[in-house]
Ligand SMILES: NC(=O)c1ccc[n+]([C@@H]2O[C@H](COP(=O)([O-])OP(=O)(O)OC[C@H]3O[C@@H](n4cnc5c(N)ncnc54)[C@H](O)[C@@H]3O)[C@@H](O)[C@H]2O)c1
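Given as structure tokens, the chain that follows is alone and in the form predicted on its own.
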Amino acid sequence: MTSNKNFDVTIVGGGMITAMQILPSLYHIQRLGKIGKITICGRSVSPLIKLRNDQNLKKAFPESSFTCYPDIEREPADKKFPGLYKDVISKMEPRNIVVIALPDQTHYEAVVQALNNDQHVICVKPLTLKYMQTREIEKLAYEKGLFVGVEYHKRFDDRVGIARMKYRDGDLGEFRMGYATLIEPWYYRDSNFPQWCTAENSDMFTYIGCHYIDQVHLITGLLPVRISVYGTLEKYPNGNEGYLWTNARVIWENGASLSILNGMGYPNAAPGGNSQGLWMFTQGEQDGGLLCHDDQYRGLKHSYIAKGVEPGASYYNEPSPDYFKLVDRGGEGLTPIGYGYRSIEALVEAVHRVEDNVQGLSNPESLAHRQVAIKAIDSEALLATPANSSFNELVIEAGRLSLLNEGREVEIKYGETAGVMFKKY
């Protein structure tokens, strides 16, 4: 009784991450016969028109398309539809897939909306900005037998998978000190970020520092227990204020410390797409250990005869094959490669896993079967779910509290009364 259902997918949000990773990944998964119709709902028609006209997507997936809401043929470019996604989701058949690709502070409402309409959910990181919201989502999803996965794509970087095995086999010793960095390009200041990544809503640590909290936990199994975040408040070109640079210090349960530097200032003229990496210093009984992921440099060097037109384009470039690229593997169009694609594929496969073997079962039997599958995925802890990754929301909640109080140190408490509080001295 294995399910061969081709789940219809609705993407809520038509911005950068949808164009760069989510839509091309789903187009390829659709090509493989694992999902059905794709719908994208935006706040206006502008990003949807841009997606429809994307020449890279047309070249890679010449036969693929998506349904637009709002209708790009009928609605003016300046009209906003902030709540349209609710109507679109409400009209979906039960137990399909909703992908949430919205600004950080809007995830919670959109995820709950999808679950209340009996949809499986894939959400870009972080799931929410509050721990109790994540726990609420966990409970609601389990009661309904619906999968919720958080798209922490660095979990599917092979470097992380190798490091996880080596660390947990004892080959690296115990984590003691480390630092991580991910600096996004300067041109982000002229993108959609100034509209939502503002001081009252989010910050650069919340937006991308969470990748490294999640990554260190996945490698070591350790939980963070204290955090201090300092940020600089600056104006975007449009006049909105945001924390465009952040520096966090995270203390883990074994006493280890990780410093995380994030920002929106990697030079447009620089050869890579950003600056990023993770360095962890460890120790054994007789010697020290080292884990170094210099993700900024992948060994590729190109010098082009003409500069591209996209933001940050340069003649000399050091492209990365690791996160997401479209390449010719034969057959029609192009094929996505990289951990960005593998992450989306694994999350869609998880929905299939939850829905496998439920045809012909009564509603109570089907629910029980789906709940068993959800618990199994939670316990494997390879995919991020509300049940196994809510420490991320505790860190984000603690980080925001620290950031808004000039870097004051905040403690994280786990267990039945989990929460965050200022450290007492």
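If you're wondering where the values come from, they're calculated on a predicted model, not measured in any experiment. Sequential numbering from 1, following the sequence displayed.
The form predicted in complex with the ligand is left out here; the points below concern that form.
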| property | result |
| --- | --- |
| Check all three, Pro82, Tyr85 and Phe193, heavy atom within 4.5 Å of the ligand in the model of the complex | yes |
| Selected contact from Arg95, His107, His217, Arg155, since only one has a non-hydrogen atom within 4.5 angstroms of the ligand in the model of the complex | His107 |
| Option touching the ligand, based on a heavy atom within 4.5 Å in the model of the complex, out of Ala60, Leu394, Ile35, Cys41 | Cys41 |
| Which of 288 to 296, 168 to 176, 246 to 254, 119 to 127 lines the interface with the ligand in the model of the complex (heavy atom within 4.5 Å) | 119 to 127 |
| Contact test in the model of the complex: Leu404 vs the ligand, heavy atoms, 4.5 Å | no |
| Exercise: Tyr207 in contact with the ligand in the model of the complex, heavy atom 4.5 Å | yes |
| Heavy atom of Gly14 within 4.5 Å of the ligand in the model of the complex | yes |
| Contact of Leu102 with the ligand in the model of the complex (heavy atom, 4.5 Å) | yes |
